[in-house]
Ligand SMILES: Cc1ncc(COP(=O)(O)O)c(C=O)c1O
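Only one chain is included here, represented as structure tokens and corresponding to the form predicted on its own.
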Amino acid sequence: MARIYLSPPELSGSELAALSGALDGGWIAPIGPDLDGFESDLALVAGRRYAVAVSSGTAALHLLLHACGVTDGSEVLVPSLTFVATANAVRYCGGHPVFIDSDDDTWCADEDLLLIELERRRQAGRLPAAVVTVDLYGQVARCESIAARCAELGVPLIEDAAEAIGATRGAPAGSFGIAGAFSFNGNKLITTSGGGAVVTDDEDLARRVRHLATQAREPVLHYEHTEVGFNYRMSNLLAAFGRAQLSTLEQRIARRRDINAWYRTLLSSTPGVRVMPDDPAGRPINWLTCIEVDPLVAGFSSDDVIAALATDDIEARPVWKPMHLQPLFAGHELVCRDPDNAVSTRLFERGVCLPSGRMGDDGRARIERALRSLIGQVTAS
């Protein structure tokens, strides 16, 4: 019996042909027609003019923060409930992340809270060097007002859309702020085995990011460098793989949303269990379906859910551990409404990421049996 993973890579069936085509053409290094084509495809998906494909989503964030002038001592506002890469990229630049709590309706950064913090800092004369929003688990953050206010204040807004390619909220994921960042890690909806991209409408920013990603080499015949650069460009081979993946983006989104709807139906009558809300103003891709378990109401905990699934070799995990709780960022500020009841802390304590990758009827049946067994035990007691 095969293990059911949280979000395994999904092949479309055309990746091998795409790789063979790139190999037959001799385009292996970080230049080539597939890299150009992948960047054009990504810009179209994000509703942007330019895209720069790089080695990871983390590299995309690092390049953007570096290009925006984040440096030693710079403060950057970042959601607390996110993968560590979002905050690590700030630290790569020598910056200091200031964490923003989540809202209860989307689990993304609290838009009103972030706006209040921006205004507080404006009045104090210490605006952040940048703001980063995160499209959590495939849902575009509520950042229209944030984008507008950041533009007024001259603060760069970067949209970490690593988990949300293809999602929309009035506009596509990656289209808010000065630039967006995608990830193509192996567990993402679209993968290149590893990789990422910057998407932007700013031609100068795109040129700057591309320059930095290729060791900041000057355009002369010999190797000339006037600043530190990075070896962050994506190879043409991986781009060919990505183009094959991207051609089936809408089908992949439809499958994830169908799985999410199935979980909602399955758990709809279970007291104390709430599926991560879908923002009605947008179309999330439901990269991962997550639930929140109130143990006092449900009679079981998030750990019990993970353990029940594990008995049948089914992978589930807690939601992201908030950055303000990570030992790495001990002492960093958390901007929240109630320090004793931070939303992101509660979601970590109660949250579970459920298997959300492509699965057949047998896989769904195994998951349902494991969940119903746990719920049934509580009901029977």
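For clarity, every value in this text was computed on a predicted model and none was experimentally measured. We number the residues from 1 along the sequence you see.
Just so you know, the form predicted together with this ligand exists too; it's not on screen, but the next bit is about it.
Among residues of the shown chain, T345 is not one whose heavy atoms approach this ligand to within 4.5 Å in the model of the complex. A residue is said to contact a partner when one of its heavy atoms sits within 4.5 Å of a partner heavy atom; D110 fails this definition for this ligand in the model of the complex, lying far away. Under a 4.5 angstroms non-hydrogen atom cutoff, this ligand in the model of the complex lacks S102 among its neighbouring residues. Interface membership of G57, defined by any non-hydrogen atom within 4.5 Å of this ligand in the model of the complex, is confirmed. Here the chain stands alone, but in the model of the complex its contact with this ligand, taken as any heavy atom within 4.5 Å, falls in 82-90 among 198-206, 227-235, 68-76, 82-90.
When you look in the model of the complex, the only residue of N185, T248, T270, N260 with a non-hydrogen atom within 4.5 Å of this ligand is N185. Exactly one listed residue, out of A239, A179, A173, A162, brings a non-hydrogen atom to within 4.5 Å of this ligand in the model of the complex: A162.
Scanning 202-223 for heavy atoms within 4.5 Å of this ligand in the model of the complex gives no residues at all.
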